[in-house]
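Quick setup: one chain, the form predicted on its own, written in structure tokens, and binding and motion questions come after.
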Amino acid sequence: MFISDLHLAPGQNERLDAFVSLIESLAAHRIAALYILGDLFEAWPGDDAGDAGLGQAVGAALSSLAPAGIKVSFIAGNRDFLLGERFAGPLGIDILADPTVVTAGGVQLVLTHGDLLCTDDIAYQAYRSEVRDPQWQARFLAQSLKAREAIAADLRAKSESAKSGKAAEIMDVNADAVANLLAQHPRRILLHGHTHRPRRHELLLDGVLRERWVLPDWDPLADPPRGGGVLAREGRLVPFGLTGLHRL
């Protein structure tokens, strides 16, 4: 199972309830592995955020999967790139490189959160390079949790303001970036989130038809509700919605 962009945040109990309900259903649906492709959290100012509140609730839900034999893997998103081994290790979560390749359910895939493909957004890519720098992260994490939470809230506000002034196309993936990534991984399907534009795309690359699948973001209160993800099973990908493991 592949999900992304839940953007779990304090006070948004509907999203948390939907996530917990999904986690509780995995064993019954014989899910062997769960891949979370970033932005599980709306913000993650450091692994000590998992000691209480929302982080603790999410950790409690995920802690049930390893004993059930369900492998959990995580690729960092642009909102939770500071999620690390202190939180993931005790839960048995593997933190994967971005991008990474897997074969799951008989499907060969290349996985990424998706923000690396949005190369037209030059300002964002510069910001991404800055905050992924180990020295920047060390300075940030040296501050108190309260200070980090305040900085994260300010960064989110600035991000939303910046997005309002950008053309929608700039915040989507770049066609050349997609083609370059797929060219590096022949015969694999590209699966990502980040753009909040769920869809199956086809593209012709060197005479071969290739696929790109975009995962949905989650909002149980939207009309209609948004969320779910994709299953890899018996050699094919199948989308599912929030109300259960069924085809959209």
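Note that residue numbering follows the sequence shown and begins at 1. On a predicted model such as this, the values are computed, not experimentally measured, just so you know.
Just so you know, the form predicted together with a small molecule exists too; it's not on screen, but the next bit is about it.
- Screening 169, 133, 85, 160 for any heavy atom within 4.5 Å of the small molecule in the predicted complex leaves a single hit, 160.
- The candidate spot formed by 2, 73 and 74 is out of contact with the small molecule in the predicted complex: none of the three has a heavy atom within 4.5 Å.
- In the predicted complex, none of the heavy atoms of residue 216 sits within 4.5 Å of a heavy atom of the small molecule.
- Although the partner is absent from this view, residue 100 stays clear of the small molecule in the predicted complex, with no non-hydrogen atom inside 4.5 angstroms.
- Taking the partner from the other structure, the small molecule in the predicted complex has a heavy atom within 4.5 Å of a heavy atom of residue 123.
- Contact annotation for residue 44: at least one heavy atom lies within 4.5 Å of the small molecule in the predicted complex.
- For the small molecule in the predicted complex, the listed stretch (44-52, 25-33, 65-73, 182-190) containing residues with heavy atoms inside 4.5 Å is 44-52.
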